[in-house]
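As a starting point, one isolated chain is supplied in structure tokens, in the form predicted alone.
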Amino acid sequence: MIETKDLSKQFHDFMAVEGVDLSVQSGQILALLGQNGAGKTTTVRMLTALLQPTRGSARVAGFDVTKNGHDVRASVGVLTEHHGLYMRMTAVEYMDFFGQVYGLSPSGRKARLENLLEYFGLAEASKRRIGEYSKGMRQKLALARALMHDPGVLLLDEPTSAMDPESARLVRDEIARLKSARRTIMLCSHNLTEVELLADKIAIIYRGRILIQGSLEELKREVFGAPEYVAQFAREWNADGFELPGGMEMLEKTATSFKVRVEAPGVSNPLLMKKLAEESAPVLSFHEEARTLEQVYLKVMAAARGKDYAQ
């Protein structure tokens, strides 16, 4: 549904995006992470056929962004950082206007806008001017507008910014529901916890280049190596002489715990549990040492800048 090859954009002597290769299938969410100015917005604008690439190619919903711009724009819903809301309109007028832009019938527009405004909790305020809305209400209205024509591809820039926790949860649930309906979603966000909850694939962009991409588990393994697990004991237990199963490396141990690196947890961990049971070890817990997306992101960015990252 989204595929780019060597996608690049140059403004005069500044290369804003360079050599971006992405592939997002139907029903997947790709999160594009990076600092402000890293190239996320330029990438999104090329994917919506608002900017012509300097080099490379991109296809969205099967359409070439260079040759079939109208079809691309008709196939995507976009939530940008700056919403472009018309403050003198009411929400109903605004949604109806965009329904007309997308060619929906009068009855189709009415049903669709009423459904979306009700879902996002804006029905009671639908006759008020948008200029009277709070920042969070405007964010929800902009997302509702992006969904007005029921697009197969969504490009969302900070979809839950400025929202209270309840509204943000509703939007996250809606994004997850849209994914389950086989929509393809590209999500730009600084909320790494949100990305961990939603994204199937993650790409980190820095100075216009993709530094790393893959699932969260793939990124953690690439950045930190094999996962590490900690065994904790209910009382002191001497692990000296205890032989680990193959594929495990002892990293550290104390009187009441030890930490191991595990190449294939699905194979080695059950064997370890069996051996500990045979030794009557007083196992209190056995868990993976947490590696978060934030840790991955900070280490990747530190490496890109040539700095050390203190874990």
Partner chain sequence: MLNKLRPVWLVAGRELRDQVRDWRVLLPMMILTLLFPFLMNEFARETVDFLNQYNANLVLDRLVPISIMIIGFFPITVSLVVALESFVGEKERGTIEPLLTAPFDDWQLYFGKMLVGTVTPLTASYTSIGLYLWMIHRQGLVFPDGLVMLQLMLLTTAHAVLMVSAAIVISVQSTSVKAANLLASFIVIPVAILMQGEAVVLFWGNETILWLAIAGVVIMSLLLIRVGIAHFEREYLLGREIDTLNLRWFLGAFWRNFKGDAATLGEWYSLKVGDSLRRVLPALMVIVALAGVSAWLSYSWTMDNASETISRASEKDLAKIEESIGELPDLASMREHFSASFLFMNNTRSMVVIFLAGLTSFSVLGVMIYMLNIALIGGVYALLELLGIAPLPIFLAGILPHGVFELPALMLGSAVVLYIGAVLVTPQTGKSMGEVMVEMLADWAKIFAGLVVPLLAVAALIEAYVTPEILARVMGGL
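Residue numbers count along the first chain shown, from 1. Not measured: the values here are computed from a predicted model.
Beyond what is shown, the protein has a form predicted together with the partner chain; the following relates to that form.
Among heavy atoms of residue 140, none comes within 4.5 Å of the partner chain in the predicted complex. Within this chain, residue 201 is remote from the site of the partner chain in the predicted complex, having no heavy atom within 4.5 Å.
Among residues of the shown chain, residue 119 is not one whose heavy atoms approach the partner chain to within 4.5 Å in the predicted complex. Although the partner is absent from this view, residue 241 stays clear of the partner chain in the predicted complex, with no non-hydrogen atom inside 4.5 angstroms. Between the options 229, 233, 133, 102, the residue in contact with the partner chain in the predicted complex by a heavy atom within 4.5 angstroms is 102. This chain is drawn without the partner chain; in the predicted complex, the residue among 114, 218, 93, 196 with a heavy atom within 4.5 Å of it is 93. Contact check for 51, 70 and 145: all three have a heavy atom within 4.5 Å of the partner chain in the predicted complex.
Shown alone, this chain has one stretch from 159 to 167, 205 to 213, 181 to 189, 70 to 78 that lies within 4.5 Å of the partner chain in the predicted complex by heavy atoms: 70 to 78. Shown here without the partner chain, the chain has no residue in 244 to 259 lying with a heavy atom within 4.5 Å of that partner in the predicted complex.
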